[in-house]
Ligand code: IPM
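This document opens with one chain alone, in structure tokens, the form predicted alone.
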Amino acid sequence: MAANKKLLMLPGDGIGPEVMHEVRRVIDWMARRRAVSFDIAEDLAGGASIEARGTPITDGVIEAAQKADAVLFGSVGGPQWDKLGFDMRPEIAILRLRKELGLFANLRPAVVFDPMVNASTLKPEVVRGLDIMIVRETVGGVYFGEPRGIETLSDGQQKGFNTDVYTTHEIERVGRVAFELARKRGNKLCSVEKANVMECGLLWRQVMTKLGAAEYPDVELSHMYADNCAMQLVRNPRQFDVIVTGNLFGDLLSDLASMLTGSLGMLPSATLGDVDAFGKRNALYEPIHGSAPDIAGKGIANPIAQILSFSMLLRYSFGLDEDADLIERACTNVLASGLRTADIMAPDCAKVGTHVMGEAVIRELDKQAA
């Protein structure tokens, strides 16, 4: 791969810089052993940007993200910024990136690695072999709909309001991403909404039904109400292959599904935009865990979700499936060897820190590539 593939890294706050450092080691390994290299830039986002620049993310960083072929994001936030106004929260950084890069489809895999079966709070027979992909629409719905706000009524009470709104186009474009993923997996797609009580949900179901019939008749499409989906995810999660849903329900269901695997520290995500006329697609990759300020700087954070986010970057932005598979196998084999960070510690395993876990992944990559 030519080195002009531009990668922007935004480590963020808390444990973000620590786990991102382990990804840099994987990138360096790939340059040495796989002849895969990148033109890498690193910048500030979230609380780190607030402290240095007075804003969660600058226009310059947004512009750099737009020019990059992919963005690798860490995590943002911390208690020292909790009292700032709404528009100054560290999380504004990720919201602006999604909005201004047109990142509308969030891909969150929920995979139970064989060595981690007993880490789940569900019975092993329920989660063994689990491999779900949740596709969440991320720039529409109730998080972005207008009108929104808090107003004071004539009697002195206050009223908070948000609007859940989707257009046909917004539903179709995230639907196509989900259908295409289903074609490459188990060929099953479950569309989730609340069509029984929400007009927005009814439109979602109608559009997905038409899209499936017109463009993806080979994919088995089903529909499910969001509350039932939540129940089914803990009752019989392996019935699902790909789930597609709106912003609010996707936020809730993807976090629920992630805990089926035993730890937020294990799971990556990707957020994709449209493919433009030149074949470029904006994309951002990040672990789903937060900044974990309580353990920041202690060297005990789990770097695997950040490393697997880089694996997703290789797969979805650059088509390097073989390299992505290599990294995923390395992570699985390290876990099978009995190494664990504190968040996934289990009996008869060896507790290690961030650096040692990253080093173990590098050693396993050496074995895989030998």
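All residue numbers refer to positions in the sequence shown, first residue = 1. Fair warning: this is a prediction, and the values are worked out from it, not measured in the lab.
Missing here is the form predicted in complex with 3-isopropylmalic acid (IPM); even so, the following discussion is about that form.
Visitor: Tell me, out of 259, 95, 200, 296, which residue has a non-hydrogen atom within 4.5 angstroms of 3-isopropylmalic acid (IPM) in the predicted bound form.
Guide: Going through each option in turn, the one that passes is 95.
Visitor: Only one of 251, 180, 164, 100 has a non-hydrogen atom within 4.5 angstroms of 3-isopropylmalic acid (IPM) in the predicted bound form; which is it?
Guide: None of the other options qualify; the answer is 251.
Visitor: With a cut-off of 4.5 Å between heavy atoms, is residue 143 one of the residues that contacts 3-isopropylmalic acid (IPM) in the predicted bound form?
Guide: So residue 143 counts as contacting 3-isopropylmalic acid (IPM).
Visitor: Taking 3-isopropylmalic acid (IPM) as it sits in the predicted bound form, is residue 194 near enough to touch it, meaning that at least one heavy atom pair lies within 4.5 angstroms?
Guide: No, residue 194 stays farther than 4.5 Å from 3-isopropylmalic acid (IPM) in the predicted bound form.
Visitor: Even though the partner isn't displayed, in the predicted bound form is residue 91 close enough to 3-isopropylmalic acid (IPM), meaning a heavy atom within 4.5 Å?
Guide: Residue 91: yes, in contact with 3-isopropylmalic acid (IPM) in the predicted bound form.
Visitor: Among 156 to 164, 116 to 124, 200 to 208, 135 to 143, which stretch has residues with heavy atoms no more than 4.5 Å from 3-isopropylmalic acid (IPM) in the predicted bound form?
Guide: One stretch meets the cut-off, namely 135 to 143.
Visitor: For the stretch 10 to 42, which residues lie within 4.5 Å of 3-isopropylmalic acid (IPM) in the predicted bound form by non-hydrogen atom distance?
Guide: Heavy-atom contacts within 4.5 Å come from no residue here.
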